[in-house]
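In structure tokens, the next block holds one chain alone, the form predicted alone.
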């Protein structure tokens, strides 16, 4: 199954579609809004199925196709997979489904390009969900660019749900973060990739742990810059206007809506949307 080319209306004025397993991808949406203030956004958080890190690859691919189909129906001019697990498992599936109708950006390739362009990186640490780490996608892609770089990957499954519940920048979060970063796997790294879109919210604590002696790389800002470059190349940058944003979730609770303020600086209202067969 392949998506049809969208038509109707000015291509540049169409919104950017963004999706994640929950609201962690709002860190990416927030970064895109800062870099591209004229762009309208349509965000879909698949809260009914989070976390993706514990789901099978086939399930994630199915969710990704259904969400991409929804974003295309919303007339989006680009799809941003703002989830490391979905990016590692379903990026090629989404590209095949979209079939060139719109550009597709994941959160892994821009970060890999960023870290491999820095010749001072010799041992790179990667922390993320079980799904992302099990895929070994960062090591594979980094080694395609530079075989000399050592990559040390560590699954940190407690971090995303901890952040979702608002536990960061406190004693509990520092204890959990330190317990992971103390791992021998991460010894003598010179940079650390925060391979989950939730993790920008704990970047300060990670920097404090390492006393700001290593490069901490979160995907949000890097991906936002990549989105800008792709839109510029495709001549899809929105002209100066007043953008409109829509934020959808597949399951809804009031407490979940309130927690969005941690991820997105502006006040937003979540709408529940059923898109499953």
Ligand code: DGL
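As the structure is a computational prediction, the values presented were derived from the model and not from experiment. Positions refer to the first chain, counted from 1.
Not pictured, yet referred to below: the form predicted in complex with the ligand.
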With a 4.5 Å heavy atom cut-off to the ligand in the model of the complex, the contacting stretch among 189 to 197, 146 to 154, 98 to 106, 115 to 123 is 189 to 197
Distance check, residue 217 to the ligand in the model of the complex, heavy atom within 4.5 Å
no
Does the ligand come within 4.5 Å of any heavy atom of residue 44 in the model of the complex?
no
4.5 Å heavy atom contact, residue 221 to the ligand in the model of the complex
no
Taking heavy atoms and a 4.5 Å cut-off, does residue 50 contact the ligand in the model of the complex?
yes
Judged by heavy atom distances of 4.5 Å or less, which residues of 21 to 47 approach the ligand in the model of the complex?
21, 24
